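So this first bit is one chain, no partners, the form predicted alone, shown in structure tokens.
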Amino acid sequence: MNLKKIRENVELLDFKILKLLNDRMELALMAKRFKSQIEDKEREKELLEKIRRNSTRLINGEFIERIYIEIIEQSKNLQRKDYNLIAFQGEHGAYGEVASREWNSDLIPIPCSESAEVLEGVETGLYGYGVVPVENTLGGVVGQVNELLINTDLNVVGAVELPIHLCLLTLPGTDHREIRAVYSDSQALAQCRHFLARNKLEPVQYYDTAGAAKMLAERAPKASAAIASKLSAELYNLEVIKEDIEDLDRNMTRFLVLSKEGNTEEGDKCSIIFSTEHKAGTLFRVLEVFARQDINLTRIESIPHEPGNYAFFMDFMGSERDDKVVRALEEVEKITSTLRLMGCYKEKKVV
């Protein structure tokens, strides 16, 4: 091992330390939801004692104690600022995080391993908001998420239509001519199939686009790259070799923003979930109500709910304060077996 390689390893470790510190601060913000007060002297004392016991020959106990005193103080400072959290599925850098930043950049994005974890966290009050994908122009309906929405009482308070621009990312200093393998999730690899074939790159399936970028930064596999968002490049200190490598120009994903509380601002778009009796013509009667009121429908999807039964998701333009919307919902309620207004909100279309 030479000096250059040692320095590269030091930089890699520094990145990991910073990432772990960020993860620790996120946990501190989450812990605040379960604490009656920020100060906990006994807990701090116990933590510092463990640090002293676990210090190594190379790390002076007093030195590491000073570091952790600063870490604890910074954690408490963050808790005092009363940040609101928004959860998304995936690793940091996922498109759910991109959507959350577009919707409200003042919120602190928190990663979750599954969409169910996002909804559960919002329902319990751990997170103020959650953002989930519901449909994609190429992949269609995100079935798992829509099935979860059937069984939640959360409110839709916003939506984001996000263009998905995929980037080829590498470690800094990588010669692009040496790249052989490209890591990403199956959908992103499929959307870049022609680009990969044209450049003779081997697609390697990974669980998440941002997860692939994170793995590349942490493990530094040779002759490898990742397909992920531009945000992933910023977060994991990677270089963008090429942007917009997706095969088709229009690749949009629509995200819904969920909250335990209803929307306080008037929206111009509404989402409802309803089910009907299993009889011919019942869905047509519902659609006819909206047609008579001259309400523009923007989405309708059917999702299996119970054996032999379906729930319908419908989005339409208007506000719950509009008289024609009120009349339509009152009439629809009479001809459906269940009806829930998920929320009225504004939708942001990102260019």
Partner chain sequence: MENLKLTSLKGGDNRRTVITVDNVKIGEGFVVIAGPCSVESEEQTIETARKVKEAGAHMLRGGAFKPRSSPYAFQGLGLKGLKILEKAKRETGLPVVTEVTDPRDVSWVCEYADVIQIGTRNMQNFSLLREVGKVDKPVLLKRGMYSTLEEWLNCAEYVLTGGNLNVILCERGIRTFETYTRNTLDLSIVPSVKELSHLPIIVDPSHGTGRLSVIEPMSLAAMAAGADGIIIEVHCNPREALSDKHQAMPPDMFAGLMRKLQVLRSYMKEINQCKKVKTLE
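Keep in mind that what you see is a predicted model, and the values were worked out from it rather than measured. Positions refer to the first chain, counted from 1.
Although not depicted, the form predicted in complex with the partner chain is the subject of the following passage.
- From the list 212-220, 152-160, 254-262, 236-244, the contact stretch for the partner chain in the predicted complex under a 4.5 Å heavy atom rule is 236-244.
- The partner chain is not shown here, and in the predicted complex it never comes within 4.5 Å of any heavy atom of residue 83.
- Heavy atoms of residue 176 reach within 4.5 Å of the partner chain in the predicted complex, making it an interface residue.
- Using a 4.5 angstroms threshold between heavy atoms, residue 198 counts as touching the partner chain in the predicted complex.
- With a 4.5 Å cutoff on heavy atoms, residue 226 does not count as touching the partner chain in the predicted complex; it lies far away.
- The listed set 188, 98, 131, 168 contains one residue whose heavy atoms approach the partner chain in the predicted complex to within 4.5 Å, identified as 168.
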